[in-house]
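One chain comes next, on its own, written out as structure tokens in the form predicted alone.
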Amino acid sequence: MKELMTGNEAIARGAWEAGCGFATAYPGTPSTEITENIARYKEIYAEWAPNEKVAFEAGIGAALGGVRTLVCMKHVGLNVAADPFCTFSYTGTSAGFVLICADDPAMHSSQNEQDNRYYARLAKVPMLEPSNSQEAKDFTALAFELSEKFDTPVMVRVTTRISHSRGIVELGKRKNVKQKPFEPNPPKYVMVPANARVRHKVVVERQKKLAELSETSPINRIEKGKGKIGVVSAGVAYQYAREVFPDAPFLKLGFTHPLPKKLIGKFAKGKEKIYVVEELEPYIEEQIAALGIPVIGKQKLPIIDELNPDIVKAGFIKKRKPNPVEDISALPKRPPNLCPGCPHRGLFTAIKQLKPVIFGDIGCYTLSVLPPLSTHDSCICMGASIGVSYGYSKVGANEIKKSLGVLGDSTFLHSGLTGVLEMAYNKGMNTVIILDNRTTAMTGGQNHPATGFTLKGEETRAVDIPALCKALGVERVFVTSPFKVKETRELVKRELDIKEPSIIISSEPCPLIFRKRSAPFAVDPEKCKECGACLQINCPALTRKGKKAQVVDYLCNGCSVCAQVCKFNAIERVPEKKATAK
């Protein structure tokens, strides 16, 4: 039986067919849908973890408990999980343990485009790279087998195009894998220095065996072709290279760490040139060059952004004249924007007049950096807003210009707790705003520990965020509705002037997830003075009709922020009966 699947759906299917029994992740594009699809298989326990480090550690426990385990995350998530990842390579596993790591070339939904293939080399774990949906399924199943055979976690690295592109997948049946009993073995699993020194030697020997397997693995193969130019490629870049060089001989790599050095030498023999086609860093290219084999790669291809057939063709063959049909420069720009009725718009409208320095974080609210809101000054990584704002205030910079740390509820629970401990314990003077919209909105509305529901939709305990902040040592904790613009502004202004740590929780649910909609507003053209103040909140439901402001009623969620910023009372809520009639 065959089915059209995205790479993420295929990975979930591959885990199910391989007998996986435990799956955990923190949502992050482009990997989110893997765990969402796994949750549909009743044989697999699936969950959202508070962050990637916790997910990885829970996965270790499940694998040591004898159940095949899948842990998923996007590339920056592995930065968070790197500590247990590198040490778990030393201890090895019991049941199969597979890490799916999804890179995001071109940063479609990320703050950087790091190349996580280097993590496999750093941790000395085997890495597989599928080039389509069928391989995404097959390589996931293969990774479980390799994990158990070689007593190691295995990394499967995908990219955005593999995760979200669809392809035909041949489906198989689920493998029946019995749970293994845990066998205590402190010298193997307890990484005190004396044990770790011994285990590192084991890892090095394991690498040699994996290198031998890489030479003969069918997922590393020479594809015959014509001519003296050979092409080496892996992952989605292989598909682009195949389109540009349809008749050339190829070394198609699926097992990319360790690389098959002998196979590479065999392939290069008799070739006049070797091209390496890969996205981001020269990971394969540099290793081939280190073998003494002349190779051409990043001299012709960019080290940033995604590849596509046109870029590969332009780099290696000739400069292609732009196709007028593909010229999109004349099209209107469509920058990302906060949704109509988004509570974050009310908050940033409230605090913009105060002109603080705003240290932001990763989430929907980061979109407020765009004009006309223009309210972010820094964004580094998940949870960093608290530590950065603390450091800024600690060196006296707050006396020059007041600062705020701003992050979402899911991000706060992901990695903001230790930042709060820092500002409370070391007597910070910063104010932090937690934008609590009851969901992980940026990745599509996943649950987290404060929503009261699990990935499977089961009711569970919900974290009380105000109580948690107080328990972490912050005495000044306040809750406000961002739709009360004046009240929120006055609260923030007051807290910025107080020289002790404080936390404000901006609390309103995401309108897309909870489908909250009040009666819409409308502009009275007789009262409108054409000042444009309402347009400065950048709501998609607000536009102009001539010079007058106008509300697009079917987009309006009735949040009332526009009405509050209008000084002439020109924006009023449509009467309930009239709104219903429309």
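All values reported here derive from a predicted model rather than from experimental measurement. Numbers follow the displayed sequence, beginning with 1.
One more form of this protein, predicted together with a small molecule, exists but is not displayed; see below.
| Exactly one stretch in 417-425, 99-107, 386-394, 439-447 has heavy atoms within 4.5 Å of the small molecule in the predicted complex; which is it? | Within 4.5 Å of the partner lies stretch 439-447.
| query | According to a 4.5 angstroms non-hydrogen atom cut-off, is residue 411 in contact with the small molecule in the predicted complex? | reply | It does: once the small molecule is placed as it appears in the predicted complex, residue 411 has a heavy atom within 4.5 Å of it.
| So in the predicted complex, does residue 363 come within 4.5 Å of the small molecule, heavy atom to heavy atom? | Contact with the small molecule, yes.
| Taking 4.5 angstroms as the cut-off for heavy atoms, does residue 146 touch the small molecule in the predicted complex? | Result no; residue 146 lies far from the small molecule in the predicted complex.
| Taking the shortest heavy atom distance, is residue 74 within 4.5 Å of the small molecule in the predicted complex? | Yes - in the predicted complex, heavy atoms of residue 74 and the small molecule come within 4.5 Å of each other.
| query | Does every residue of 27, 111 and 344 put a non-hydrogen atom within 4.5 angstroms of the small molecule in the predicted complex? | reply | Result yes, every residue of the spot touches the small molecule.
| message | If the cut-off is 4.5 angstroms on heavy atoms, which of these, 404, 280, 276, 382, is the one near the small molecule in the predicted complex? | response | The option sitting close enough to the partner is 382.
| field | Single option in 80, 474, 259, 244 placed near the small molecule in the predicted complex, where near means a heavy atom within 4.5 Å | value | Partner contact (heavy atom, 4.5 Å) among the options: 80.
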